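The form predicted alone is given below as one chain in structure tokens.
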Amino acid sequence: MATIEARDLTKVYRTYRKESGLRGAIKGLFYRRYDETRAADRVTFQIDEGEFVGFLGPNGAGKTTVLKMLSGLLNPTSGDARVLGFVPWERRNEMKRQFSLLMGQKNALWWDLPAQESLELNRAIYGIDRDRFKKVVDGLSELLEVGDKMNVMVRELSLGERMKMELISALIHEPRVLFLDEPTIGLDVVSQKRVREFLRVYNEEHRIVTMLTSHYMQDIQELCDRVIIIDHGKIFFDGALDRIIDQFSATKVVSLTFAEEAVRDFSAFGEVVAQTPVSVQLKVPRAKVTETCRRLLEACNVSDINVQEIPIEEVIRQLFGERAAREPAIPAAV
């Protein structure tokens, strides 16, 4: 049985469109126009125990809406979901004790209390045994290297230290499901790396289901074998991270270095990405890479040649841009 199941999960928001001026206000008393936004549109997927899944999409794609429905914070307009066998929006205590939602832009700890006391309050809320609580907190604080910050006021912690404390708070009750919404947002590269390493180790050791949304592709590449991509509320990809390049990238990058200056027009071989007197980078259609390399070797005095995939971040960025350009305007609903 899957740990998380979503079937045709849909969330529709209706927003009143008010006309300007006094005339518009009076008209609105008798006749109203609404805009309808489908934040999630028939979202369907399932996640098994121990999976670490990246949940990708541009701003406004519906990622956070889906996580909020799966954690019971929002009721769907239609569709169904199960988390650990429970219906999330029924908000049963048995489920609440087995999952956590960590949002990088929301504080869960008490701002004016030391981190240790904030965690102690959460211990009381969850009814955790003191010995078990101490063992878990000591282990997590050691992994995250914040043991010496436990008695510091939360407001006096750095952003990176505060996020680590938020992680400890989310995990003290040892949940089986963890929803992470932008957990590394605003962190410096060192803190990002430490948080990623902690999440990787914790997932491997505890086999919990983890869903991660992030705009940092490094988070996704280092942690997630599987990704789900959503745009305009619809899922259009669900599979291995490596498959994104195979499925959506039509080109590769061919890099050439020359034994001597070779200033010439390379546009006949592919799209020129960068060029110097002794080197050039070309975007070449995947199906023509072998033939193009052969022609280049015949035409130029090449000292080094390298063929690479397009960076996955660029592939996804281009993909979202193309989909946004194709997306028709959504008419207002009355």
Ligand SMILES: Nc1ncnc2c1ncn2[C@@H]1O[C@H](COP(=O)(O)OP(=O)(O)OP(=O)(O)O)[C@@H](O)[C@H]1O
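Owing to the predicted nature of the structure, the values given are computational and were not obtained by experimental measurement. One-based numbering along the sequence shown.
Unshown form predicted together with the ligand; subsequent notes refer to it.
For residue 15, a non-hydrogen atom is located within 4.5 Å of the ligand in the predicted bound form, even though that partner is not displayed. At a distance threshold of 4.5 angstroms between non-hydrogen atoms, residue 58 is in contact with the ligand in the predicted bound form. Residue 275 falls outside the set of residues with a heavy atom inside 4.5 Å of the ligand in the predicted bound form. Contact check for residue 280: every heavy atom lies farther than 4.5 Å from the ligand in the predicted bound form. A heavy atom within 4.5 Å of the ligand in the predicted bound form is found for exactly one of 39, 53, 43, 70: 39. Contact with the ligand in the predicted bound form, defined as any heavy atom within 4.5 Å, is confined among 305-313, 59-67, 291-299, 45-53 to 59-67. In the predicted bound form, the ligand lies within 4.5 angstroms of a heavy atom of only one residue of 204-230, namely 215.
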